[in-house]
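First comes one chain, alone, set out as structure tokens in the form predicted alone.
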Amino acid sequence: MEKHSEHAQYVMGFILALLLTAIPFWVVWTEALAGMRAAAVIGVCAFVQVVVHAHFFLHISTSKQKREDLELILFATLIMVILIGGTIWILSNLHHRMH
């Protein structure tokens, strides 16, 4: 019975991941939203998809046993945000100085 439950979890995660991928493609392809609204929908779908992948495929939760895994992923995410944000900041600053 546990195998069936685990399989159902993977199928549910896969369906949610497909849906969260299809929504941004649909928004851009049909031009249903424009500008910041489209970017907001894409950003929200991306964030929710990260949560779906972490929960359904990486089996990361807030339980005590998985706490160290969650802390490791959050720290890695912080480092990536600092690196990406710093790169964008520096390149933007250089772009403004060149014009």
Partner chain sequence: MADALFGRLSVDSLAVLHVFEDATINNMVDSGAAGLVIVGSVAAILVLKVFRLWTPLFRDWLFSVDHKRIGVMYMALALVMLARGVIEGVVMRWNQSAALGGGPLDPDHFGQLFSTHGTIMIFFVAMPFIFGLMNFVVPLQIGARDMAFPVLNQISLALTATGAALLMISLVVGEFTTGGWTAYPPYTGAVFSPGVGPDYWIWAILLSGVGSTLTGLNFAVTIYKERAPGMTLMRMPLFCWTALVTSILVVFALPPLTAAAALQALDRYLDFHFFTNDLGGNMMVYANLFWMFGHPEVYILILPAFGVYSEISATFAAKRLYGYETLVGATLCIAVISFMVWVHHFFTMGQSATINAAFGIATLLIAIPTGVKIYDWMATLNLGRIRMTVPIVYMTGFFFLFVIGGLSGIMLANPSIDFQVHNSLFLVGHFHNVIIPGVLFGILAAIHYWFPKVFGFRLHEGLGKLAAVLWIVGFSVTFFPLYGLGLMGMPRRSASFQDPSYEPLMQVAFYGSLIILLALTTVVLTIVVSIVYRRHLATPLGDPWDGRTLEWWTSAPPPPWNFAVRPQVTGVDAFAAAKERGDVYAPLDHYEPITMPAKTSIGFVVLVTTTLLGFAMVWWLWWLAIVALALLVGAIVVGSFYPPTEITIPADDVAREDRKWRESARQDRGVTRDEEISALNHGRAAPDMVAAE
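Bear in mind that the values here come from a model prediction, so they are computed numbers and not experimental data. Numbering follows the first chain given and starts at 1. Throughout, rigid core stands for the largest set of C-alpha atoms superposing within 1.5 Å between the two forms.
What comes next is about the form predicted in complex with its partner chain, which is not displayed.
- Listed stretches are 30 to 38, 69 to 77, 43 to 51, 56 to 64; the contact stretch with its partner chain in the predicted complex is 69 to 77, by a heavy atom cutoff of 4.5 Å.
- In the predicted complex, at least one heavy atom of residue 87 sits within 4.5 Å of a heavy atom of its partner chain.
- Although the partner is absent here, residue 91 lies within 4.5 Å of its partner chain in the predicted complex, judged by heavy atoms.
- Put simply, residue 97 is close to its partner chain in the predicted complex: some heavy atom of it is within 4.5 Å.
- Within this chain, residue 18 is remote from the site of its partner chain in the predicted complex, having no heavy atom within 4.5 Å.
- Positional change of residue 89 between the shown form and the other one reaches 2 Å or more at the C-alpha, relative to the superposed core.
- After superposing the rigid core, the C-alpha of residue 79 moves by 2 Å or more between the shown form and the other one.
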